[in-house]
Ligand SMILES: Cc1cc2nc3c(=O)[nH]c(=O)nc-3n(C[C@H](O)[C@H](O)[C@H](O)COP(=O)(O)OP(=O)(O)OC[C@H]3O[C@@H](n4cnc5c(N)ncnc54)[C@H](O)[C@@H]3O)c2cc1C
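Starting off, we have a lone chain in the form predicted alone, written out as structure tokens.
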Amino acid sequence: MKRVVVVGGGAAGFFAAINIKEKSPEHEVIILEKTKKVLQKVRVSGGGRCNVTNGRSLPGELIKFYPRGGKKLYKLIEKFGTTDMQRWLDDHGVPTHIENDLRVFPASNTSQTIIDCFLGNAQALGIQVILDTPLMSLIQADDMWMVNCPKAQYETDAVVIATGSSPQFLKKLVSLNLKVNPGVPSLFTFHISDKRIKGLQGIAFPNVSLKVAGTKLSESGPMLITHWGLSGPSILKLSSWGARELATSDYQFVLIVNYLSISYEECRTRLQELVRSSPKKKLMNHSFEQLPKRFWTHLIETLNLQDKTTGELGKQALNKLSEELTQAHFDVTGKSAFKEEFVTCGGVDLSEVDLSTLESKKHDGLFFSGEVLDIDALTGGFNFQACWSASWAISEFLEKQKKGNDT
């Protein structure tokens, strides 16, 4: 019998443990979780519904959603992709459905279904789940590993690290002579205190263009004004692609917002057409380019144009209004995590692992899955899929290794 210790009671850890045990029933599989509860990130993911994977099935399409690690995931996703995960869940009693934006959820629309699936299967397979047991150190002795915890020591043939990207834990991995990239937040909203958006929380824009001044970082898509600044898909995507660069600035930077995704010149031309069409109508009473009315009114007041008719707009006012609509500069002064969807950029460098098996190149019998690796993605089920693909590859390798030993 081979013993496998999985360190981390999250999604990656449970999925690895269940598949290892299903493929190799004679293995003893133990999950060690440092806290008193397991699968807590699963519980809050997708707003409590658990966005378990994505409806896109082609690896070439999926890897576009990973700011870090995407290309190196290609072959793993080929072997166990999004449709494989949906099939796996269905085979384990969890039907799923694909929404219009291609996010995949359990048909029950509650994350508890996924938690119950993992816990139920782990129990049925005889997998030990030991809580309140943090890892203190890992020591390799010949072809075995000593997993040292405060109250016990586990001698094991293989260790699967699925702890997430805890900075404290990553330091332990550095002691094993592994290259570890420091963790920084990857999905976050922007703190902005500015009279131009004050009191406008809840207003959404369907397609803005964003740039971070002085960098090559840019993004487009929906945006939302919040109590603390700006959020929405375009902001989150920008934060993800720029995670490291924005961290080096300590989240103090200038964001340039184009609310209309058209050029300054085009915007000015359209404003001039507005002037010609209704010169006697107050600017406040116009609608412009499907901008939210409350935003348009607030902007006009901010620019002290509330008493002006369109015909009274001079060259300077037209220039300023065009600038605010297409080149609005905002000072970003900090960040906030996106609800509970915390994702971290950083972890074990992918050069340290065999990407077909997720085994350490330096240490036999040491495997990695989930956010402990330097892989992260946008929202939409992509981060979970990276966990599933990696954990599946580990279970496949251990099964083949067992068969080889048997012969």
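In case it trips you up, residue 1 is the first one in the sequence shown, and so on. Predicted model only: the values in this text are computed from it and were never measured.
FYI, the form predicted in complex with the named molecule isn't displayed, but the following is about it.
Contact between residue 346 and the named molecule in the model of the complex is not found at the 4.5 Å heavy atom cutoff. In the model of the complex, the named molecule sits beyond 4.5 Å of every heavy atom of residue 58. Proximity of residue 392 to the named molecule in the model of the complex falls outside the 4.5 Å heavy atom cutoff. Although the partner is absent here, residue 7 is a contact residue: one of its heavy atoms lies within 4.5 angstroms of the named molecule in the model of the complex. Only one segment in the set 164 to 172, 318 to 326, 73 to 81, 112 to 120 has any non-hydrogen atom within 4.5 angstroms of the named molecule in the model of the complex, and it is 164 to 172. Checking 134, 292, 221, 185 against the named molecule in the model of the complex, a heavy atom within 4.5 Å turns up for just one residue: 134. For the candidate set 68, 27, 41, 363, a heavy atom within 4.5 Å of the named molecule in the model of the complex is found for exactly one residue, namely 41. Although the named molecule is not shown here, in the model of the complex the stretch 36 to 72 places heavy atoms of 41, 44, 45, 46, 50, 51 within 4.5 Å of it, in sequence order.
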